[in-house]
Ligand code: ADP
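One chain follows as C-alpha cells, the form predicted alone.
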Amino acid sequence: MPPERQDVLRELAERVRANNDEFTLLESLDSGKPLDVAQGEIERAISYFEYYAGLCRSIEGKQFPYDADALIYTRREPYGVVGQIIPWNFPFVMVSYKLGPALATGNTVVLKPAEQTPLTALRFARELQEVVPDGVVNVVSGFGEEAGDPLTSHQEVRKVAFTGSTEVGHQIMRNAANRTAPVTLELGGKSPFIVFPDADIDVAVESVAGVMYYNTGQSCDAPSRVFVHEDVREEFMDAFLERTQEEVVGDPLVEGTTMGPLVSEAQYEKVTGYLDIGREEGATVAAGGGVPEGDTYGNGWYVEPTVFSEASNDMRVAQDEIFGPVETVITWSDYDEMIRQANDTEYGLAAGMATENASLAHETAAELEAGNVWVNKYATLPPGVPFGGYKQSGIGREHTRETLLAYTRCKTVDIATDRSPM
C-alpha cells in the first residue's frame, strides 16, 4: 500500500544518508569521480528517494461523468516485474532515478548495474535486504550479454528502463518489442550551447565548462558543441581557455582534484582516438589534446581537457558522442543557419544558451529539438523536473511525477448503476 511504500523509500534515503561517507568513497573508487563530486551525487540520490517517497500517495485514477446509469473510473496499477539497467557514468544517482518510481508505484525490480561500476548498487543491496520484502528488489551484476540481454528479453519482465548508449538502447527496444513491453530509454546526446552576441560571457563560460568537464565529460547531456557568435568569439574563447586551464586533473581521492580519470581503458581509447580524429579533420587544438604527463598519471586513464576550435558541424568531433572532456567550438553569424546546424544531429537530449534577451531565449528554446533547454545555466536537474530526449536520445521522461505513469498501467472500470424503481 502507498503508506508502506512511502516508509520504505524514506528509510532507504535515511540509510544512505547514515552511510554517506562509505557510499561516497565506493563511488569515487569505482568510477574515478573526485570525492566532492561523488559526495554531491550521493546526496542527490538521497533527494530523489525522498522525492518519490512524497509521491507515493499521489497515484490516483479519474472518474468520468457519463450518465446517471453508469460509474466509470480508472485505476493505475503496477506492471509487476520491471527490468532496469543503469550506466557507469552516474552509478548511484541512476539507482535512485530508476528504483524510486518503480517502488513508489508498487512494482518489483530486477536491477542490473553497469559491469564497470557495480559497487554502490551492490552495497545498497545490503540496505535493501533489511528494508524491502524478499524478492521486491533484486540486484544482478554482470555483462550485457549474460545479464542485460536475458533481462530485457525475459517474458515475465513487463516493463524495461535503460540509460546508456543509443546502440544498446536499440537492441533493448528490439528485445522488448518481441513481447510488446513498454520501454523508458535515456540514451546519447551531442548537445549544443549557443552564445549570443549579448551574452554575459562569464555566465556562458561557466555554464559550458562547469558541465563539460564535470565527471570528466562523461555525461550524456554535456554541452559538447558550442556555437559562438562571431562578434563575441574572441572574448568567449579567451575566457573559456582560461577556465579550461583551471581544471586540476589527478587522483580523485586527493583534495583539490576537479577531473579524475576516465572510467575504463575502453573509454580512454575511444576519447584519445577522437583527439586524433579532430586533428585529422582540420580542427584546431586550442587547449589540451593529449594525455597529461608525470608520475601522478602513470596508472590511470587520464586525458587533458581539450578544446577544438575552427571546427565545423559536419566534423565527427561535432557529430559523434565522444563522452569525454572534449569541447568543439563552432562560429556562427546567421541565426537561421545556426539553428539548422544546432538541430543537425541524430540526438536531441539537451541544449543551452546564453543571452540577456528573454524574447530571443523563448524563441530559440521553441526552435531547438531537445528535451531540455537551459538559459544562462546548464544541467540543473532538481527532483520533479522532467528529463529526457528527442530523436535518438530516447523515449519517456524521468525525475518527475510523469515518470509514475510509465511504471503503471491504466485500467478503466465501467459499472452499470441503473436499478429498478422501488
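Residue positions are given as counts along the sequence shown, with the first one as 1. Computed from a predicted structure; not experimentally measured.
One more form of this protein, predicted in complex with ligand ADP, exists but is not displayed; see below.
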Contact stretch among 214 to 222, 148 to 156, 302 to 310, 120 to 128 - heavy atom within 4.5 Å of ligand ADP in the predicted complex:
148 to 156
Which one of Ala102, Ile194, Leu262, Ile86 is close to ligand ADP in the predicted complex, taking close to mean a heavy atom within 4.5 Å?
Ile86
Considering ligand ADP in the predicted complex, which of Glu235, Glu115, Asp251, Glu77 comes within 4.5 Å of it through any heavy atom?
Glu115
Partner proximity in the predicted complex: Thr272 to ligand ADP, non-hydrogen atom cutoff 4.5 Å
no
Do Thr163 and ligand ADP come within 4.5 Å of each other in the predicted complex, heavy atoms counted?
yes
Can you tell me if Ile172 lies within 4.5 angstroms of ligand ADP in the predicted complex, counting non-hydrogen atoms only?
yes
Does the 4.5 Å heavy atom contact test between Gly142 and ligand ADP in the predicted complex come out positive?
yes
